[in-house]
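Only one chain is included here, represented as C-alpha cells and corresponding to the form predicted alone.
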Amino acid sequence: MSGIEILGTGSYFPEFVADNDKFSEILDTSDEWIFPRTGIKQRHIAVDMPNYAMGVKAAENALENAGLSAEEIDLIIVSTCTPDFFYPAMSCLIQKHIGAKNAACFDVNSACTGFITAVDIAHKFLESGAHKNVLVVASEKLSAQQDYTDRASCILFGDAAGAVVLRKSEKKFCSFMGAEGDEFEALYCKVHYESNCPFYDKDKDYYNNRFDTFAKQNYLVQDGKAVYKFAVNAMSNAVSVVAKDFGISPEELDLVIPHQANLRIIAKATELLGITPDKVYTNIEYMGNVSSACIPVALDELNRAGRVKPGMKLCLVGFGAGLTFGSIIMDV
C-alpha cells in the first residue's frame, strides 16, 4: 500500500489572546486553578473573523510552504465541527477565497479526531490515483460554542486553523479509526435553530425534551471525568493498534503529535505506551484545545522549526466527541 508525502504545512491563530487571568475577571477561577488541571496558560480567540477565514489563511500558508499554486490543488477536504454555515461546506468557501478553481470540495466532522479522519480519506483518494495534490484544512472556532458560566469547560478551548498539502508517495502509511457512539452525551454541542415549519410541535421535540436546559440546548456540554477515562484508553489503544500494523512498537516512534485536550491525558496515555516525553510534542500551554486543528497546528510548528525530518516515524493521534478516535503512523 502506498503512502503520502507532506509537501507543505500551514497554520493560523487569531491575534487576540485570552490568558487565564482574563478568565478570572469573568469567572470564579484563577491561573492557579486552571494550569495544574489542564496545562493551559492561554488560548487565542477569533473575536472579529469567521471560522472559514482562519482556514483560508492556514491554507494559503500551507500552499506557500509547499511551493504550489492553488490551481494545482485538485481536492480540498476540510475538518470542522464549528462551521459558519450548515451549507455550503466550508471547503467551498476556502476554495473560493484561495482560488483553487480545479478542486473538488467536501467537509468532514468527527470533532477533535477530524484531522486524522481527513488525512486518512485524503490518503485513500491519493492511493486511487483520482487526485494528485490534496489540501487538508482543519479550522475550528470553539469559542463560539462555550457556556461562559461553566468554568470547567470554557477555559479549555480556543480558535485556530491548520493545513497540509499532501501527495502520493511510496513511503509507509498505516491508520486506525474507531468510535463509541453510545457515549455521545459525554461531549456534545447540539445544533440550535428555530423551525418555522407550521407542522412542527415543540412540545414533542425529542431533543428539546432530552436536553432540558438552555445550556444543554445551546452550548458545548462535557462530562470531564468520562472524557478523561475515554481519552486515555482511546489514545493508548489507537497508537498500540496502528503501531502493530506498522510493524513497530510504540517505543520505536520518533515523534508523536497528540490531540491537545489536556496535558494530564497526554502524559498518562504516553506513559502507558512507554513513549518518553521527549518524543511527544505539546503546545496546549499557549494554544488550548482547538479541536481538530490541534494536530496540524502543532505539525506546522514542528515542520517550520526543522524538527520533522526525513526517515522519522511520525505518529498523529486524536480523540473527541462522538466519541471518536484515530491514529496514523507514517514514514516522513
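Sequential numbering from 1, following the sequence displayed. These numbers come from a predicted model, not from an experiment.
Beyond what is shown, the protein has a form predicted in complex with a small molecule; the following relates to that form.
Trainee: Taking heavy atoms only, is Asp28 within 4.5 angstroms of the small molecule in the model of the complex?
Mentor: Asp28: yes, in contact with the small molecule in the model of the complex.
Trainee: Indicate whether the small molecule has at least one heavy atom within 4.5 Å of a heavy atom of Leu156 in the model of the complex.
Mentor: Output for Leu156 is yes: heavy atoms within 4.5 Å of the small molecule.
Trainee: With the partner left out here, check for me: in the model of the complex, does some heavy atom of Trp33 sit within 4.5 Å of the small molecule?
Mentor: Yes - in the model of the complex, heavy atoms of Trp33 and the small molecule come within 4.5 Å of each other.
Trainee: Cys112 near the small molecule in the model of the complex, any heavy atom under 4.5 Å?
Mentor: Within the cut-off, so yes.
Trainee: Among Cys174, Val227, Cys189, Ile98, which has any heavy atom within 4.5 Å of the small molecule in the model of the complex?
Mentor: Residue within 4.5 Å of the partner: Val227.
Trainee: Pick from Met287, Leu63, Ala46, Ile265: which residue has any heavy atom within 4.5 angstroms of the small molecule in the model of the complex?
Mentor: It is Ile265.
Trainee: Pick the stretch from 266-274, 50-58, 34-42, 65-73 whose residues have a heavy atom within 4.5 Å of the small molecule in the model of the complex.
Mentor: Heavy-atom contact with the partner occurs in 34-42.
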